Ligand SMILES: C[S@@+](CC[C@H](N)C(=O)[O-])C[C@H]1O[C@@H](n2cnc3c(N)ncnc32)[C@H](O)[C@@H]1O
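Have a look below at one chain only, the form predicted alone, in structure tokens format.
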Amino acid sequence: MRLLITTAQGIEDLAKIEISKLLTKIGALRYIEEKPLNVEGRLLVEVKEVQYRDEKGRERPLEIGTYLSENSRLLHRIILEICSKNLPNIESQEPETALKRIEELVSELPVERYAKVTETFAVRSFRKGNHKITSVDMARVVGKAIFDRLSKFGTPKVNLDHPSVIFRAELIGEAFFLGVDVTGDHSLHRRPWRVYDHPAHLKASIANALLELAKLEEGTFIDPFCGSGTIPIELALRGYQGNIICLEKYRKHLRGAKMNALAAGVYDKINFILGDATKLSEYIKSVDFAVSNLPYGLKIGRRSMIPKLYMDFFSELSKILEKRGVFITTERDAIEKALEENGFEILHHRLIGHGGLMVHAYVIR
């Protein structure tokens, strides 16, 4: 059995490590491939069937997709793969030709192995590239091909709102994927504890990737621009034993972070402080680790303010940071200048896809 797994662009290596640990623990891993068909944000995982004992001691097959969904912190979707195939030149083809290729491909796939004819189904689609077709076009022809194939075994039932089986079709450049989405309609990065949304909140999967990059040990931790609290909350949910500080300048957002922490059941594990990160040393004398989604774009309002904000913040951080920091921003020039002038060393840099942008992530000391 093969699983197509989605995550944020730029953290595939971290997701691979997480998947490997989880599947090795239960003896289910065969191999993992990063970026199948050269598609970023995707991993292809081959697994073997494993058993578990239920409360009555009976052996039952373990649903590995469900296991990953319940235990992962970095993944977005778990898809039971039916097909992964390159479709050369499909981006340049006229809509009728491109859609016909997709329909003919899907019509030959054994979709009846993945959905009983008595079950309702729907197709969810995703397209990225310079194609002349839309994701709606693709969903329509894939749905028709699946319906026609299942019709050989009975009368298929379509339910677009609440299907029993969700087929997910993706066309990314020339790469076409089809599978059964065991995650459902809501990506795993959408945490159930989020009851308050910051206008530019960080995906929980990316928050956890930043925490992985920080290589945390015991010690005091701070998110100096904590917003709605995603990073501190995810850290607390990981069982971090050190002091976790959530610093936020705006009372509204700090109140929202407290609401989210309450919903997540970790309110008592986080120290919430209303304060300005550019005056950091006034609130805290020493921290071991700092991880944050820096203000940019929607979070800042006027872009002209960023260079001074970063310079002032990193000047303050240089007074109190003992070990490592991890920060993301779109403003590469501003952050690199602020880091250099305040004596920080860049240990690692990478690009991560977030909110339709490729943001820069820095590990510093």
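In this text, residue numbers run from 1 along the sequence as written. All values reported here derive from a predicted model rather than from experimental measurement.
Another form, the form predicted in complex with the ligand, is not on view; read the next lines as being about it.
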Considering non-hydrogen atoms and a 4.5 Å limit, does the ligand approach H189 in the predicted bound form? no
Q) Is P163 close to the ligand in the predicted bound form, meaning a heavy atom pair under 4.5 Å apart or at it? A) no
Can you work out whether K249 and the ligand are in contact in the predicted bound form, taking contact to mean some heavy atom pair no more than 4.5 Å apart? yes
Answer with yes or no whether R77 is in contact with the ligand in the predicted bound form, where contact means some heavy atom within 4.5 Å.
no
Partner contact check in the predicted bound form: of 84-92, 142-150, 229-237, 167-175, the stretch with a heavy atom within 4.5 Å of the ligand is 229-237
The one residue among I133, I270, I206, A277 placing a heavy atom within 4.5 Å of the ligand in the predicted bound form is A277
Partner-free chain; cross-checking the ligand in the predicted bound form, the single residue of I32, L37, I320, L309 with a heavy atom within 4.5 Å is L309
The ligand in the predicted bound form reached by all of H201, H253 and P295, non-hydrogen atom within 4.5 Å: yes
Contact check, 40-60 vs the ligand in the predicted bound form, heavy atom within 4.5 Å, ordered by sequence, gives none
